[in-house]
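Below you'll find only one chain, the form predicted alone, shown as structure tokens.
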Amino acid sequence: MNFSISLAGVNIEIHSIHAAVYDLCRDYLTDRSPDFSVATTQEDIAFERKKSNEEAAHEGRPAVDFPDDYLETLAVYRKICEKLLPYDAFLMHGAVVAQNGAAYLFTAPSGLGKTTHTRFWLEKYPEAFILNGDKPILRFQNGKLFACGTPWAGKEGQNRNVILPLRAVCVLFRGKENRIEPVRFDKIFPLLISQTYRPTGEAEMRKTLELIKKTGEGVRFYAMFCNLDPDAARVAKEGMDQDEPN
């Protein structure tokens, strides 16, 4: 199948084997001239299966026999992320909540409550929505950093085809009580690297590190210690907004 999508303000032509890729990307379709194109092969799908099995073995869990069409969606996104780097755009794993025209990114290792925390935001703030629940693209444009919706959004699939300025990045930790505090970029730099898609090419990895470091210059960072109390959403928002200029 051949079609084009607009992702992070970049127009991408996709040549896929399976219709599942098209179905996933329906909300991002465009008829604009592509800036670049990606195509997948059975070898790409086999690579994704091998990588999935290796990750399962590393984490000590049973491997899942994913169907080819699902694995192709992963292969397509991997190729897109590699080609987005020259556009100052990269993938950082995390959940992005949008409210009142601004985006907040919550990142943490798997299992530390990103989905639960963002659900609290939706319950607390009716106007809030999930821009992307797992794999957003961050892109620098005109000196500002934006969070961009993508159809690759984790198990829940929560996403919107929206681009908003990123106000803050918050790293989640478990805690007995809800509290948030500013944190220096250098303190969480290693964690941010682990949460960012890391390409295999040397030049591409250098560019990725450059973009992560640039993120540290233009966005405020916070550490959020939280429990399962829904009030965590209020604590997080008020903490991240308190330094915002009027």
Partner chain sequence: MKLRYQFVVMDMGGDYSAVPVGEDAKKFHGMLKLNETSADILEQLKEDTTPMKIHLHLKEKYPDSTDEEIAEHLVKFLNKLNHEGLLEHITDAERRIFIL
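Positions refer to the first chain, counted from 1. Because the structure is predicted, anything quoted here is derived from the model rather than measured.
From this point on, the text means the form predicted in complex with the partner chain, which you will not see here.
- The partner chain in the predicted complex is approached by H58, whose closest heavy atom lies within 4.5 angstroms of it.
- The partner chain in the predicted complex is not approached by V219, whose heavy atoms all lie more than 4.5 angstroms from it.
- Although the partner is absent here, P62 lies well away from the partner chain in the predicted complex, with no heavy atom inside 4.5 Å.
- The shortest heavy atom separation between E181 and the partner chain in the predicted complex exceeds 4.5 Å.
- With the partner omitted here, the stretch from 36-44, 193-201, 23-31, 66-74 that lies within 4.5 Å of the partner chain by heavy atoms in the predicted complex is 193-201.
- Residues of 147-168 that come within 4.5 Å of the partner chain in the predicted complex, judged by any heavy atom, do not exist; none qualify.
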